[in-house]
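Next up is one chain by itself, shown in structure tokens, the form predicted on its own.
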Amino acid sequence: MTLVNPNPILQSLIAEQLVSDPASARGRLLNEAARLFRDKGYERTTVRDLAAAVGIQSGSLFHHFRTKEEILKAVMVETIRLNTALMQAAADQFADGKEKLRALVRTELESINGQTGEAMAVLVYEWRSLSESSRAEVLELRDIYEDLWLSALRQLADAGQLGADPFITRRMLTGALSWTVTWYRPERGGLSLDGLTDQVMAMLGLA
């Protein structure tokens, strides 16, 4: 969940205590936890691993969190909060349905392949590791995030610009965009994020 050059949206969320400052001890712990949970898996990551990653004693972790599961939940909750705010801000810049959807695609690609990619991967693969109550809270936040997409897709469908069902379209996009982390390498001379976004829109017949 590493963020470089924090933007005003992040700063506002930090001020409201909705996400952790990446430079704080808690923020560094969540960043390292996201990386370890993605690379090793939640079950195989120990408290000792987490403590070693941030250079503290295992017992010191519990100044911030009572359990390892609380760390996992915080990674997920803070990631969804941040990305929901980023997506909302991007979508709010446009009234046109195509431009709104393009902004959502572009922002999600940037999150997956940059700012919060590790934490977003944890969301996909580890949410079943949460307790039932924690899972319910995470899913409630995720529904708010997904509603941003469904609203934009329904706008296009209502205007006759999207032939497919909005819900199914979003499910297909979720898989396609998430999978880009396995092959998208702009540093090797590939497409820019804008170029990749254009390709996604073309696939949807919305270029």
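As the structure is a computational prediction, the values presented were derived from the model and not from experiment. Residue numbers run from 1 along the displayed sequence.
If you look for the form predicted together with the DNA, you will not find it shown, but the lines that follow are about it.
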| item | value |
| --- | --- |
| Segment assignment from 173-181, 151-159, 60-68, 138-146: heavy atom within 4.5 Å of the DNA in the predicted complex | 60-68 |
| Partner contact for Asn31 in the predicted complex: the DNA, 4.5 angstroms, heavy atom | no |
| Contact flag, Gly163 vs the DNA in the predicted complex, heavy atom cut 4.5 Å | no |
| is_contact(Val47, the DNA) in the predicted complex, heavy atom dist at most 4.5 Å | yes |
| Partner proximity in the predicted complex: Ala53 to the DNA, non-hydrogen atom cutoff 4.5 Å | no |
